[in-house]
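So here's one chain in two forms, each on its own in structure tokens, numbered structure 1 and structure 2.
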Structure 1
Amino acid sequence: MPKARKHLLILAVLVLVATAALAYLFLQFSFLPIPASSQASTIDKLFSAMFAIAGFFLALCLIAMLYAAIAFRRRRGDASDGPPIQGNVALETAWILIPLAIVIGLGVVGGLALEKISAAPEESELEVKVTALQWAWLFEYPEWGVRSGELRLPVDRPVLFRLTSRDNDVVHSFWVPEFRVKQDAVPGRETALRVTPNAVGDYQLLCAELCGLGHAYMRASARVVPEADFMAWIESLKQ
């Protein structure tokens, strides 16, 4: 059937063009805030890979559907049925096995990325105890025995956050969009989160889990500063 082949050829060309256009769009415009941690760069690479795969499938399915709606629309006065094609074992096997391979591959890559962003680093970690409460954040630096209502971190040093919420409080969630990773602070247990900030700047810590009336305003300043500035800040807290 040369006609059937012609339709498939046009579809293939259109899908390739659209995938390329979508890939260009994703690469040209960043849809994410700037990355400010080593975790963020790993995660952003994963995002790019997934946007590329999603872009291909989006183009394939949408264009196939729109093409069918235009090329195979019923002509006026034609009351006949289409060709009685019941299925095609090879094609059906392919669209089970190929997506299966892709999702397993994504799972493996995703698992490795999780390992990478949550593994304990070789150098010593800065430990920060975070207590979330309705509706504020408290930060404790056990190394120096100081506390603060704002978060300050030295650039390029791995940080281990130990998060909790008080027994009579509710669930909160620790999120700095530029760090990418998020972790709930749960009453009655301690949770952990690893971040290595790698870009000096002023960011915002946001509570990401609905925690009542003040949820929208449960924010704290999160500043990543050079090591010397950080030590000076710690000294100022000691006094």
Structure 2
Amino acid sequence: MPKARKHLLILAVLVLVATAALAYLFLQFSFLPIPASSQASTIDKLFSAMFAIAGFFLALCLIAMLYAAIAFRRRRGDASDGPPIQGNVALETAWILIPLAIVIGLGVVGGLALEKISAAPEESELEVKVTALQWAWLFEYPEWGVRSGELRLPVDRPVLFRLTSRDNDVVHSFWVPEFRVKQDAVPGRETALRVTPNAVGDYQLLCAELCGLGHAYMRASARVVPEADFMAWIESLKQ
């Protein structure tokens, strides 16, 4: 077997083994917060795909660099120059077209995922109007005509958030990490975000857009509760 082919074979085996190890690590140990919405599974699949692809390229770069440093190191007593490299058209074409295809593919898959999680459900939605300001969140439930500084949602019921920021304010971004989805709140404009919470619990609503000095403290409680508890909370706000 020619030396060049032998080196390529060894490198390919090492890269595949390292990629498999990294993929196992990424999939076995979740680096994401617990999922708490029906949209989360779709987004987590995208994360898994991107972690696997990133693991391959990480392994390819690191293993190739380490292998080259060991296999092609200068031997003791060798003071000659290395062979001149004029370029490799096939290699240069591959490293342009393959990443391009991956990026386009991820874009298409991401677009389909966005369409899926943004689609209006068949069942009725709970509408919540969200107003962002430096540095707080205000929530309005038009169906009952009540407002609160705390976000509370019934479990397993689709929610339509209508987001905006005050006209004289800045852009904010509505984000509950466990829901996975987020959306900007833009001054003078209404944006929409759909979420179906599916896990009872206490979460934190964060602003994911740098919005000024108090950005790090722009938080609100986001509680997902059973339907009966939610209705009892709504009744308490009416009093």
Partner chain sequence: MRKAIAVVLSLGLVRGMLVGMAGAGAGMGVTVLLRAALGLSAWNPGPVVAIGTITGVLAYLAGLGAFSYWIRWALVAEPSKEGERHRYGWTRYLCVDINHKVIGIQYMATSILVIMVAGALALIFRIELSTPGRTIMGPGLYNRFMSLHGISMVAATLIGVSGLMNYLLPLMIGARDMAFPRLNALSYWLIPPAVVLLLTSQAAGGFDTGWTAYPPLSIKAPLGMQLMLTAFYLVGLSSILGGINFLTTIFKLRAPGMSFFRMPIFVWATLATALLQIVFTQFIGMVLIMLLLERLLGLGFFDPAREGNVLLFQHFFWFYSHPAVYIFVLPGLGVISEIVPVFSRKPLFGYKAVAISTLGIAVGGTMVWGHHMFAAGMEPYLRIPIMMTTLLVAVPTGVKIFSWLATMWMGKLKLDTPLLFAMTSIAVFLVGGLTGIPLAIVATDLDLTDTYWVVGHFHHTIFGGFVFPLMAAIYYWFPKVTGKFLNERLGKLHWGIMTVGFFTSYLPYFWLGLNGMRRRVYDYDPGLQPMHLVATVGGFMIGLGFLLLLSNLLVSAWRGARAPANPWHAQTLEWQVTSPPPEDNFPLPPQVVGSPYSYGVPGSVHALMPPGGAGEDGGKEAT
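Throughout, residue numbering runs from 1 along the sequence of structure 1. Predicted model, so just to flag it, every value in this text is computed and none were measured. Rigid core (definition): largest C-alpha set, two forms, superposition within 1.5 Å.
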Form predicted together with its partner chain, given as structure number:
1
Rigid parts turn between structure 1 and structure 2; the listed option from 125, 67, 111, 206 at their hinge is 111
Measure the rotation of the smaller rigid part relative to the larger between structure 1 and structure 2 and give it in whole degrees.
14
Rigid core fixed, the Cα of residue 102 shifts between structure 1 and structure 2, in Å, by 3.3
Give me the C-alpha shift of residue 92 between structure 1 and structure 2, core superposed, in Å.
5.2
